[in-house]
Ligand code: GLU
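This document opens with one chain alone, in structure tokens, the form predicted alone.
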Amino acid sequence: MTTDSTKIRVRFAPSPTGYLHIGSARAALFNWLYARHMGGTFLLRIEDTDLERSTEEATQQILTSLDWLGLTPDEPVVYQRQRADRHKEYLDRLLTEGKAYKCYCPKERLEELRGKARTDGRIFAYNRAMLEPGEMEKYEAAGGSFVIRILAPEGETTGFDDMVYGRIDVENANIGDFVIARGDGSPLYNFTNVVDDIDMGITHICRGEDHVSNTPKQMLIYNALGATPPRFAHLPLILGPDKQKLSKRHGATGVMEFKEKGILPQALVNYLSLLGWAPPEAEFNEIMPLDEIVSKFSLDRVKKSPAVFDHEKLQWMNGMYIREMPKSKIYELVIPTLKSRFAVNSELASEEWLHSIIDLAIERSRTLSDFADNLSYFFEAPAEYEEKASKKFLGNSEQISQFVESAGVLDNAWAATPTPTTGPIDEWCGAMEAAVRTWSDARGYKFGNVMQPIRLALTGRTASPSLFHVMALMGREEVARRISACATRLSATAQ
């Protein structure tokens, strides 16, 4: 790891025209990881010169998302809109030096030239040599509108060494004299991007593969300004499971959507770090602390092939992070969700009780949102029961009769063995289970066939944590009430 922080300066430069999506978040992360690994500096630039589409809301959402992920810049945020004077200074310089020019060629003539290239089977890239001698002067004299184009040296090739894809060369004839500013002097993306990167001292640019086509144009601008270009690393696309470009149809794509769905920032960072990159070890633990990711990260190990975003894999990883988290932190994150979603009975729902029910759900929850889903039956009696299980365990009068009898056995055992008000309940659970097993064995019933109907009555489900733990936390009166309600409903249905 280098200790000269002046050598490496990277930036993330989003446009505030929408939320921060997962592809941009990965680009920000890879820049941040590279800066941390190399002892460099991570910068943030908000490219807000698109006045029609940029919004303050989007800007704040981007800042909030990066802060949530822990990707905070090392220097104050740069807002591109505030740099208009600097952009004009560089633009005037290119015009003065003859490296850019005002182009008065009208749209009709451009369409004619484009059509001829299409007929000839050529890529259309405009350059002023296409016009007849004196033609440009005629257009200028007519007082038409103009744009500012950079002058691409004819007969040359512009290229760069990409840290992911290797050498990329493009003939200038296929780049052309492209537009760098409108006639009112407002510069376009490729120009402002280069000017800002020069002034910010950016040494490496790590961004999405979709920017590869912009890079030769930007190299021409660097060359025209006599500036040393940064090194480039273009990241492969992120695809959905169907191998199509990741979009809303594949599920959440916005960073804050993942937060709302109960994904932890450290889990998302860990998962994103492995989308298109892997450490040098042939086998490695996918769950890696951030400091380990930083120590192993390098841009030369970014893969060329697209990465596939797998929501299931992310949720699995998130579940692993939840289980490694201190319980106190889990309580802090989950309790507000429970209280906001359910009408929590303040007399029943003490902090200790909430902690106890949350403990039951830790192993079964892959997201913070799962806790509310997995614990809902503690707050709301089931409105319905799993249909297939109901038919299997409570589908006839004999099974209903057995269910009612077993509920009586359970309640009698509970009366003889009161639930402890403090401390562990494992001993109580063991005593209750032993009482029910003794009865079921004497009657020749399978223990599972006895307990599953009770589980259905209490939770509406066939899967839950230890049922006796659930009952202890639900309370004897509520358990009896739910069993009675289930028996009544079943009896009415059977008639």
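All residue numbers are counted from 1 along the displayed sequence. Values in this document were obtained by computation on a predicted structure and should not be read as measured data.
We do not show the form predicted in complex with the named molecule, though everything after this point is about it.
- For a residue to qualify, one of its non-hydrogen atoms must sit within 4.5 Å of the named molecule in the predicted complex; none of Arg26, Trp68 and Val255 qualifies.
- Residue contact with the named molecule in the predicted complex: Val10 places no heavy atom within 4.5 Å of it.
- Heavy atoms of Tyr331 never reach within 4.5 Å of the named molecule in the predicted complex, leaving it off the interface.
- Although the partner is absent from this view, His211 contacts the named molecule in the predicted complex, with a non-hydrogen atom inside 4.5 angstroms.
- In the predicted complex, the named molecule lies within 4.5 Å of some heavy atom of Tyr189.
- The candidate stretches are 386 to 394, 189 to 197, 290 to 298, 121 to 129, and the one lying within 4.5 Å of the named molecule in the predicted complex by heavy atoms is 189 to 197.
- Applying a 4.5 Å heavy atom cutoff to the named molecule in the predicted complex picks out Glu47 as the lone residue from 37 to 69.
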